[in-house]
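Below sits a lone chain in structure tokens, taken as the form predicted on its own.
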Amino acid sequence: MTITGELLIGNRTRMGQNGTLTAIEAATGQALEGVFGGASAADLDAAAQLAWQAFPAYRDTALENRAAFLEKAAENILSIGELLIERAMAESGLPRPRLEGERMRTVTQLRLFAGVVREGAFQDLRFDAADAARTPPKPDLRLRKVGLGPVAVFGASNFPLAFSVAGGDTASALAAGCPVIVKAHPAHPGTSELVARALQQAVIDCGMPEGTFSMLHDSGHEIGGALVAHPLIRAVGFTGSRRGGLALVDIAAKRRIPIPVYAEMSAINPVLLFPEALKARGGKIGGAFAASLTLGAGQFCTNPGLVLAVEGEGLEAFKAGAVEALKALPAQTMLTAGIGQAYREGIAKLVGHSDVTQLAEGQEGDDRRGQAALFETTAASFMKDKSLHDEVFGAAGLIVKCRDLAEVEAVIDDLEGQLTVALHIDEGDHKTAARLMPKLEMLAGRLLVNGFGTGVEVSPAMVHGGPYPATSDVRSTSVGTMAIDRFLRPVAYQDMPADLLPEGLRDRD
């Protein structure tokens, strides 16, 4: 498979004429092979028109055929082979094992949703029998969920496979019966094209309507905003910064017909260290925290950026374990120069803060490699200065030292919505943890014990979402089988003749 730099519009390809972009090797800053043409407004409209024309037929495709299409997409991605991993490594700076695992996660998501489609429960079929003897008479009512329409998906910088062209947003939207138009992330255009061609070929291989899938490059920011504003787009999936997500939410809200934007944005993912757990194994927890903090250069939306604990010997042991581990860790390549610069600026603000103490840093970095850092402040300072709540996207952690458990609870009350909260507890902490659970349930979409939020299992019970501003819609998840619900809406059929009903809602006897 050859990278050409072209746009994929339905089953066709063409070189975009609205400016160009070049892929950059993350580790060196050097240009990689290939020039990618930016889409124009006409290209976007062509993709949207094809998606809209494909929607009725694709939505009504037999479930078995739709499932087979998702499985074929997974097969095609695997068949790209080494080329996909090598290109993703170059464009992202992520190591081979991480990307090989991410490729398998991408394939697993597609296969998972194929199973969801084949089983059919996502339609939520409901039957309420008529009762003519009742006063007033009760009508015959039947319900199913149907796809919303064409969905715009934005590739994420930190997951060039699993949250990108064929990632969870695309997989769940296609499973729901919605055509997808992907806006490729400019940090990994070559990787995006390779995966997009695999999906395009799956559309052709399985005889899906042309327009079921398209992918566009954007040489600036114009096409991304125009995609959300296009009147034929019916929903948006986004993973990225708060600034970017909220910009798309604003565009969608100002449309003549507003549409939902499912944006997974920023979080600092608090880690709560309870007294008995700290007493028993504070140093060990500290070492494990450092490993999670620096995983993938800290460029995870579930990165554990905040630690809450009561001061004392247990916390000192935790800090010693974390400091020792961090000092030995090498600097790691950041995804892009812009992300690296933002990380250094965030670190500089913490270093220069009068109420913040730097405890440790990893081995020295440079313009392309981020140096891990760990800081400490007091609960009073943290609650006083809201800038300390800001996410520093990278391997930076802040310990908030509390005088007692009441102050820990006060800090929890002061936090914004989060993706995850991690509780480190022993049996003696259960009573205290139980008292906090109602507040923690209001704070985050996933609560976990004696671990860290990095690592999101793709499974039916997973929630990767949370209260604002972690996401733009607290009711949703972007990982797991419930992700399909974002792109569905219910339709009721009242006293409908059998030959007009969808096949699944006809009499079952």
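Fair warning: this is a prediction, and the values are worked out from it, not measured in the lab. Residue numbers here begin at 1 and follow the sequence given.
FYI, the form predicted together with a further copy of the same chain isn't displayed, but the following is about it.
- Residue M462 is the only one of A67, M462, A54, A48 with a heavy atom lying within 4.5 Å of a further copy of the same chain in the predicted bound form.
- Contact with a further copy of the same chain in the predicted bound form, defined as a heavy atom within 4.5 Å, is made by none of E324, A360 and K384.
- Contact check for E276: every heavy atom lies farther than 4.5 Å from a further copy of the same chain in the predicted bound form.
- Among heavy atoms of E416, some come within 4.5 Å of a further copy of the same chain in the predicted bound form.
- The closest non-hydrogen atom of L447 lies within 4.5 Å of a further copy of the same chain in the predicted bound form.
- In the predicted bound form, at least one heavy atom of L141 sits within 4.5 Å of a further copy of the same chain.
- Of the candidate stretches 257-265, 336-344, 158-166, 400-408, only 257-265 contains residues with a heavy atom within 4.5 Å of a further copy of the same chain in the predicted bound form.
- Contact residues in stretch 15-31 (any heavy atom within 4.5 Å of a further copy of the same chain, taken in the predicted bound form) are absent; none meets the cut-off.
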